[in-house]
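In the form predicted on its own, a lone chain appears below as structure tokens.
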């Protein structure tokens, strides 16, 4: 593991913004961190970049425990680089921006020129070498910021919402760059995003953060609801748009409910399922995702389902088809 985090918390003014029991990042892999605003994603990246210390807990980097006290982080900060969401470039040329980390390390000029050219090629910005960096678009700026980060020769690159404010062309380019960084250079990558499809496309593993904690399910299946008792005395969670789910929980009143898309079952025939938590809906979207197909089904609310490809092929599903979903008890989490 390149990272191992245990019982990490981060508190600001008595408000806990991060509370991670355990999180691991495999060496040489891409980890996607999903979650809404305020979930703690950026705070986590700052701790992983050794720019902020946790309030409590321990973090290990390459099996060595990190000491956040004193002046012991300088070497680690050379091995990990963080690219912020709104990257700021120096008011000079694109090439000089990428050259800066190399000059700091006193690399020979000829070697620097070679490396700068290679890195600008990698991010598709070779033709912009002499352009003033402050006149670039947001997407171009992000690509140069990634090249500058790579000039530090990091073991890990952390990317905070790398495509949040860019157009489609630059989004495609940045996703290609992330794959290439990982595959050709063997650099471990951790990136944050709101886009579950992007995370599924790029990441070897995806972790969802919600209110500073690791949540079990992908967040597009998180709803507000209220637990009440039905006529037969059974517990019922009434979610948005009247979606009614039988649950077993000691909570009552307002709750948040999560439905794991990998556990939800799908069929063309509702007779295959019990009546509990079975809903008829219409298939409105299909996405190919690394060995599985993500189906979005309108059952009064959009519900996401992850289907193994062999199951998907056997069902012969198409956009607009009527389908039945079943949400087993183990797919439902209340918090």
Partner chain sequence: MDFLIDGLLSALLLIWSLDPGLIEIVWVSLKVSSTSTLIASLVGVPAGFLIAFGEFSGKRFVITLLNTLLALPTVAVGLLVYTFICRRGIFGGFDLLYTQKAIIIGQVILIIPIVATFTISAVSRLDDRYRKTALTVGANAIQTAWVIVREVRFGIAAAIIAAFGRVIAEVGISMMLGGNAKGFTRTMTTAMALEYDKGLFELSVALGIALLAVSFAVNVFFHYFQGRVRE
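Since this is a predicted model, take the numbers as computed values, not measurements. Numbering follows the first chain given and starts at 1. Between two forms, the rigid core is the largest collection of C-alphas that superpose within 1.5 Å.
Unshown form predicted in complex with its partner chain; subsequent notes refer to it.
Chemist: Evaluate residue 212 for contact with its partner chain in the model of the complex, applying a 4.5 angstroms cut-off between non-hydrogen atoms, and reply yes or no.
Modeler: No, residue 212 is distant from the partner.
Chemist: Against its partner chain in the model of the complex, would residue 249 count as a contact residue? Criterion: heavy atoms within 4.5 Å.
Modeler: Residue 249: no, not in contact with its partner chain in the model of the complex.
Chemist: Just to confirm, residue 235 within 4.5 Å of its partner chain in the model of the complex by heavy atoms?
Modeler: Residue 235: no, not in contact with its partner chain in the model of the complex.
Chemist: In the model of the complex, is there a heavy atom of its partner chain that lies within 4.5 Å of any heavy atom of residue 182, even though the partner is absent here?
Modeler: Contact check for residue 182: no, nothing within 4.5 Å of its partner chain in the model of the complex.
Chemist: Which of these stretches, 95-103, 258-266, 109-117, 182-190, has heavy atoms within 4.5 Å of its partner chain in the model of the complex?
Modeler: Stretch 95-103 is the one.
Chemist: Which residue, 81, 133, 207, 178, is the contact with its partner chain in the model of the complex, using a 4.5 Å heavy atom cutoff?
Modeler: In short, 81.
Chemist: Quick one: name the residues from 35-60 with any non-hydrogen atom within 4.5 angstroms of its partner chain in the model of the complex.
Modeler: Result: 46, 49, 51.
Chemist: Is residue 96 one of the residues whose Cα moves 2 Å or more between the shown form and the other one, with the core superposed?
Modeler: True for residue 96: a C-alpha shift of 2 Å or more.
Chemist: Align on the rigid core first; then say whether the Cα of residue 144 has moved by at least 2 Å between the shown form and the other one.
Modeler: Yes, because once the rigid core is superposed, the C-alpha of residue 144 moves 2 Å or more between the shown form and the other one.
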